[in-house]
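For reference, the chain that follows is the form predicted alone, supplied as structure tokens.
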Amino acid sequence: MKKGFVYLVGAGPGRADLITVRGAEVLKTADCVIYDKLANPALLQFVSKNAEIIHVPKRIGEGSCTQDEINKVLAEKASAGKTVVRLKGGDPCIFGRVAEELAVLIEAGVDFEIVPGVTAAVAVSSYSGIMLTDREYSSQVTFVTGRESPGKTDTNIDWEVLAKFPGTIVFYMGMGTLDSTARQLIDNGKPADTPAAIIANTTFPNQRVVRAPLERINEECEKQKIKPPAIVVIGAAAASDIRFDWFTKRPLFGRSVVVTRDIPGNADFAAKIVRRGGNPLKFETIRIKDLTDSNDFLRTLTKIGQYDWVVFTSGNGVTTFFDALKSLGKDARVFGSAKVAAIGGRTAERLSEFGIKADFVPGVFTSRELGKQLIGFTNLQNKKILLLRSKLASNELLEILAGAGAQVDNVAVYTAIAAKSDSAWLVEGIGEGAIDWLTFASPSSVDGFFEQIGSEAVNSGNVRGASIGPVTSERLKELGITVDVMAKEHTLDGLLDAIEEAGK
């Protein structure tokens, strides 16, 4: 039997893209992933579809797991010959109880590797601009647990020494004991006006920072209703220059933006929102159905090199086409001498990933402009043009090109079909005013959305609507939905630019 192996991987402080390269690499090899509450579930994107996923939240109440139960599962899966990833929030060796898990593995004769992660204190410093060390005010930093082992009669924390510590003190898991922590420090000699800061949900778009003197920090957190997970920073560092706080100044920080594409499309769009500091909420409205097994497509493929121009009007069309080529044992050489046109920059980028440089990209990314500008770019009289696009695409582009004397063949390589998602949370969020923007990137996503969410739920709330372009906007208006902003450049980045310009 294959010998099992365990990777104990630090998942980082929250954001999925802050995992280490090594951590993401070993996730791809896992037969089984055991992850805890503080590990971002988005990291499961790296995991094979065939891998077993086990959630082991350690919390109070129903559904929680004890450390002994986790140890048992870890040993059982590894002893069964599986490659196991134990995904732990932050860094495994910083208040992660990793020693207990290693002891079980060693006893079971299972080999292991520890993959470090970005610990919360380091992330807090980077994402809040609170410098834990500085040559002017702090040459040392100490990490302290705010929650010791239940049932302990003695404490390992020397409060007298800690109160005299001249550097920065960082408490992990310290929200529940914040009041007693402040009192212990003050009673043991720490000045009551010592700067303190609480950073909650670090690296996420709902990150919050509260600053106050040590004697008032708990009162201020209660007033602002700060909840765990949070890190406590005490010392001169907590009063560091607020201009260093770059994260909360990101253009979409604190705004919740619903993305309404297919699953891969939502993931791509969500990543763009995260980079701008926003909070993406994924709501699947469509699924892309491949149509390249049709006789029409297969016949066209045998003569594709005879066309003068091949036109792609979406990234989905490009991906579907080249996936079909690969499955048929073919590559880009099928184009022969045919030139290639792309509707916009993103579609051109997707083509470049397959080694094709678009010969023509219009300045405005719509089907109408693609047709009009291609006519201005070259003489299309009697030229043979192949459109590879969605089955749902309108005839506008075909008619414009045919009107210029071109011989146009239109072949559907994919279509969008409606998808069903859990919509209760979205309706509730809109009603409570917790969602700022709904975004729509195609008429099919509009239809898929409103088949699941009634227009009255949207119109009765304060949520705003953003459209990628005129065709999508027209479909929204037909349904009685207000279009608050429309992208000037009809791309996902253009859509986010429009939302940024609209302000809060």
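Throughout, we count residues from 1 along the sequence that is shown. Computed from a predicted structure; not experimentally measured.
There is another form of the same protein, the form predicted in complex with S-adenosyl-L-homocysteine; it is not shown, and what comes next is about it.
- Contact with S-adenosyl-L-homocysteine in the model of the complex, judged by any heavy atom within 4.5 Å, is made by just one of F269, Y172, Y307, Y127: Y172.
- A single residue from the set I199, V413, L374, V311 has any heavy atom within 4.5 angstroms of S-adenosyl-L-homocysteine in the model of the complex; that residue is I199.
- For S-adenosyl-L-homocysteine in the model of the complex, the listed stretch (240 to 248, 155 to 163, 419 to 427, 82 to 90) containing residues with heavy atoms inside 4.5 Å is 82 to 90.
- S-adenosyl-L-homocysteine in the model of the complex is approached by T119, whose closest heavy atom lies within 4.5 angstroms of it.
- Taking the partner from elsewhere, P229 is found to have a heavy atom lying within 4.5 Å of S-adenosyl-L-homocysteine in the model of the complex.
- Proximity of F322 to S-adenosyl-L-homocysteine in the model of the complex: non-hydrogen atoms within 4.5 Å are absent; the residue sits far from the partner.
- Taking the partner from the other structure, S-adenosyl-L-homocysteine in the model of the complex has no heavy atom within 4.5 Å of any heavy atom of L178.
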